[in-house]
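This document starts with one chain, in the form predicted alone, laid out as structure tokens.
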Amino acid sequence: MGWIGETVDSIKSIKIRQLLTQAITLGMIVTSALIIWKTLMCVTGTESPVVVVLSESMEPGFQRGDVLFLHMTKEPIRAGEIVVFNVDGRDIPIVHRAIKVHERQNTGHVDVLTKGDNNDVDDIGLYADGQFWLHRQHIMGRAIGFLPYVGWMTIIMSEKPIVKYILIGALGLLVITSKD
């Protein structure tokens, strides 16, 4: 009969109680993941405690696909630190190095200019029109650690959405047909 026939027979034989148990289990897994994410947000002080490097702009320090761990404190950003920032009008965060920092003596506010290690020019061209510096509200966090190449699956799923749908479908089918 084959694998597909066995899977169809398995789905047909599911009882309501078993289906509810599997749905609740899946809900608990999703809820646990969200709780872990929210806890990480509180501990690290950033809305995105983990980001994936999406381009080659930070090579050789960080490669495309590296996962960065972020932390944000009230201390001002210093030149040389790797920061992740969002620019108005762009959805995807950018990972670059702070190359110039200007601290205003009267307010203590810090203006930051960034640049990718592998880029020839600073990031003013990436900022919003008329913006020459990043401010505190643009910076999501400082890089405090990384795992090399772990983020490649995220890149593949965003560049080829069919892979994401196949993976989600396969995981859903696995949950539905499991019998424990």
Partner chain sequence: MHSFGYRANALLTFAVTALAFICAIASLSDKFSNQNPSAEIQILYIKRFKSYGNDEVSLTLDINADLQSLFTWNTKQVFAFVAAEYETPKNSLNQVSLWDVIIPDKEHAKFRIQTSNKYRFIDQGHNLRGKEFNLTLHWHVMPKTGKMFADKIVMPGYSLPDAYK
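Residue numbers count along the first chain shown, from 1. Quantities reported herein were computed from a predicted structural model and do not represent experimental measurements.
One more form of this protein, predicted in complex with the partner chain, exists but is not displayed; see below.
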item	value
4.5 angstroms heavy atom contact with the partner chain in the predicted complex for V50	no
Partner proximity in the predicted complex: V101 to the partner chain, non-hydrogen atom cutoff 4.5 Å	yes
Interface membership of D66, the partner chain in the predicted complex, 4.5 Å heavy atom rule	yes
Distance check, P148 to the partner chain in the predicted complex, heavy atom within 4.5 Å	yes
Per-stretch contact check against the partner chain in the predicted complex, the hit in 27 to 35, 55 to 63, 151 to 159, 40 to 48 (non-hydrogen atom, 4.5 angstroms)	55 to 63
Members of 77 to 116 lying within 4.5 angstroms of the partner chain, judged by heavy atom, in the predicted complex	R78, A79, G80, I82, R97, I99, K100, V101, H102, E103, R104, Q105, D111, K115
